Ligand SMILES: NC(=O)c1ccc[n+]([C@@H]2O[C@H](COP(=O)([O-])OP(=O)(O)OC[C@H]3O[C@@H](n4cnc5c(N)ncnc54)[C@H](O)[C@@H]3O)[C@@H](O)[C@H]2O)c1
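Below, in structure tokens: the form predicted alone, a single chain.
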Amino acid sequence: MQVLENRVALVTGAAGGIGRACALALAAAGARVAVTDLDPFALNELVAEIRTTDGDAMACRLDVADEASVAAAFDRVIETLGPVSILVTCAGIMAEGPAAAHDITDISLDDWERIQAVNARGTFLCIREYMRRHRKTPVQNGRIITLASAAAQLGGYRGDPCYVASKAAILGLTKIAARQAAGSGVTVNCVAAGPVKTGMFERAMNSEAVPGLVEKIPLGRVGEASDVAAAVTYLAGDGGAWVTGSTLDVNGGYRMQ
């Protein structure tokens, strides 16, 4: 029997990067996975890949910043796969490109609101919807796993302030959600990823700066999305049953306490 056999997982931001890796890892562990994002083509490709290994998956378009879209996605997933046991909130954006502002005085309100809407509000809306559904129809082994960043823990040396602030909000939200969901038997934890090789990382990071960054990572490499997915799968499984309100650092030693 696989670790997560017959449990339903909903993964946001699954069209690429860490979200995609999490969906693949959860499916490999036996979960029935709902992959959600705004890109239907990428989602359908991911579902096809999961099914080639006899996994069970469905694609569902989801705008995490819109509460009606979040509710509708949960409706569709529950109708198709069953009650959601595992929620993984990977959807996230940051300011990218040469025009991205890195000084607080240069950030527009529109840019601030756009990034908060996806990262912080989106995580909140998905957690709220999960907890509402779970309280009406309890599911055993409930798990909520959020995605933050070492940038939020460190204050971001050169990172986008909007992104750093939004990920810091997720750290706090995870703890209060853990306290409030514990009575329902649901664990809520956060994975704080260090520098991970994703499309967003490559677009935001100057390639000439990568060697200097690697020198600051004791394990000597930038992370892979699969490194984060392995941590998420641990928290979703039986090994994470008595872990809640915690932040699991997955950063190659980039940040140590």
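The structure presented is a predicted model; accordingly, all values stated were derived computationally and were not measured. From 1 onward, residues are counted along the sequence shown.
Keep in mind that the form predicted in complex with this ligand is not shown, yet the notes after this line are about it.
For the options 46, 31, 188, 64, the residue carrying a heavy atom within 4.5 angstroms of this ligand in the predicted complex is 64. Note on the partner interface in the predicted complex: the residue among 177, 90, 87, 162 having a heavy atom within 4.5 angstroms of this ligand is 90. Contact with this ligand in the predicted complex holds for none of 127, 172 and 245, as no heavy atom of theirs lies within 4.5 Å. With a 4.5 Å cutoff on heavy atoms, residue 196 counts as touching this ligand in the predicted complex. Using a 4.5 angstroms limit between non-hydrogen atoms, residue 118 touches this ligand in the predicted complex. Shown alone here, residue 10 lies farther than 4.5 Å from this ligand in the predicted complex, counting heavy atoms only. At a distance threshold of 4.5 angstroms between non-hydrogen atoms, residue 219 is out of contact with this ligand in the predicted complex. Residues placing heavy atoms within 4.5 Å of this ligand in the predicted complex fall in a single listed stretch, namely 140-148, out of 77-85, 178-186, 140-148, 102-110.
Contacts to this ligand in the predicted complex (heavy atom within 4.5 Å) from stretch 16-44: 16, 17, 18, 19, 37, 38.
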